[in-house]
Every structure is written in C-alpha cells, then in structure tokens.
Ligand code: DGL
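Quick setup: one chain, the form predicted alone, written in structure tokens, and binding and motion questions come after.
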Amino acid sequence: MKIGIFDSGAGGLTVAKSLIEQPIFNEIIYYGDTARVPYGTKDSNTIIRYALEAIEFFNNFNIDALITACNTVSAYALPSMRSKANYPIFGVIEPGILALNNKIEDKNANILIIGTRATVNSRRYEDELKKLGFSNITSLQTGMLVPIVEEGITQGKVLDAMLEYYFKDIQTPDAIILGCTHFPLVAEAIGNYFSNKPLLIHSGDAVVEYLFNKGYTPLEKEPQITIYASDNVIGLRQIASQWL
C-alpha cells in the first residue's frame, strides 16, 4: 500500500510522522508545495487550482490513497480533488473533529480552534462541531505561526512573543484543535502557555485514528518515505530529517 501526503509546505510532515510511528502503509510519497506556501492567505479558487495541480503530480506514482494534510486544502478543495482522482482522498478536518468528539464528552466545553485565515474563514471546524452539539467555540486566526515553523523556530523568545500576541485575551480552553499541520511542531509551547491544561488535537494522530476506524490495519515495519517539493526540495528534506 502506498499513500500520498500533500501539504502546502513542511507542516504535513507532522502527519507523515504519525504514519511512520503507527504504520499503515508500506510507502509514503510526500509532496510539499514549498514554492507557494502558505496557502492560508490565498483565495478559495487559487487553493482549489493548487490542489488540482497536486493531483496531477500524484498521478505519476500509482498511489492507493491521498491525505491532504493542509487544513486549508481540506476546507476548500476536497470535492474538486475527489472528482479528479480514482483513489480515496482524506482531509484532516473530519478526523480532527471526530477525535475531539471522542475525547470531550461535555458539549459545553470551551473549544479553541486555531488555524490560518482561510481555514478559520471557511468555518468548517466550527460548523461541524456545532452539528455535534458543541456550543462554546472560539476560532482564532494564527497564520503567522506558519512561517515561524517553516523557519525552524519551535521555541524561544520569538515564538513566545507570537503566542502572547495571539492568546493574551483568550480564556484557557478545555481543548485546542491545532487546525494547521504546522502547529504540532509548536504544540509544546502552546500547551505551556496555557499551563498544559487544554487537550490538544493533533491532525496526524487524528488521521491515524480515523484510518484505523476506516478499516486500515497496522503494519509491523516502518514505511519508506520519499520527499518531493515544488521548490528547494533539499531544504524540505533537511527539515524532514530533523522532524522525523
């Protein structure tokens, strides 16, 4: 079994890491559109166009399934992508919502969603959580965390200042949906900011749980992973060697 993972840049490596630690597939083909990261500031038509171009890329590899690790793509482009592919395509929003619903019983719990501008504006997380009965939801655009993570800054004064900027007026939540696959790289700092009280929902772990529920079975051997990028593939592979 061969899985493709598509992201706007390096963030989807957090999903790849989860699939390496709990292997389901024999081989992972990872493609980061590093030439055009971030997607979170783009309009919906542009996001869909980029996503369909990614489908063309993966058509060269005879994959069995594809994960769109980018929350922004998951919010806007999944129907268009599925119409052009002959294999299943999974996003990260539905798995994240189901993971939270499985772990939080109190429908009045204070839920914080953080993501890029495009993801937050789509209201996909918020609308789906409301359908499940959650009523105390705050959505917050935290898109500047993406370039910080892309620069390899996962701790220190710069990150701490950015977290203070975003969270200074936020009441400590019961759970935080990390609505961008870059954010697990700064999850420790986010947790520390809130005194490690909130439950953090990590897209990679949520996707693994989701795939197990879909009938995919675990393997004993770690998968082989190959990294591709639309720009500076050497740089992305260096990041992968550090993160993975």
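Just so we're clear, the structure is a prediction, and the values are computed from it rather than from any experiment. Residue indices: 1-based, along the sequence shown.
The same protein also exists as the form predicted in complex with ligand DGL; that form is not shown, yet it is the one meant from here on.
For the options 89, 97, 146, 112, the residue carrying a heavy atom within 4.5 angstroms of ligand DGL in the model of the complex is 146.
Taking the partner from elsewhere, residue 40 is found to have a heavy atom lying within 4.5 Å of ligand DGL in the model of the complex.
Among residues of the shown chain, residue 180 is one whose heavy atoms approach ligand DGL to within 4.5 Å in the model of the complex. Proximity to ligand DGL in the model of the complex, taken as heavy atoms within 4.5 Å, picks out 70-78 from the listed stretches 70-78, 151-159, 97-105, 167-175.
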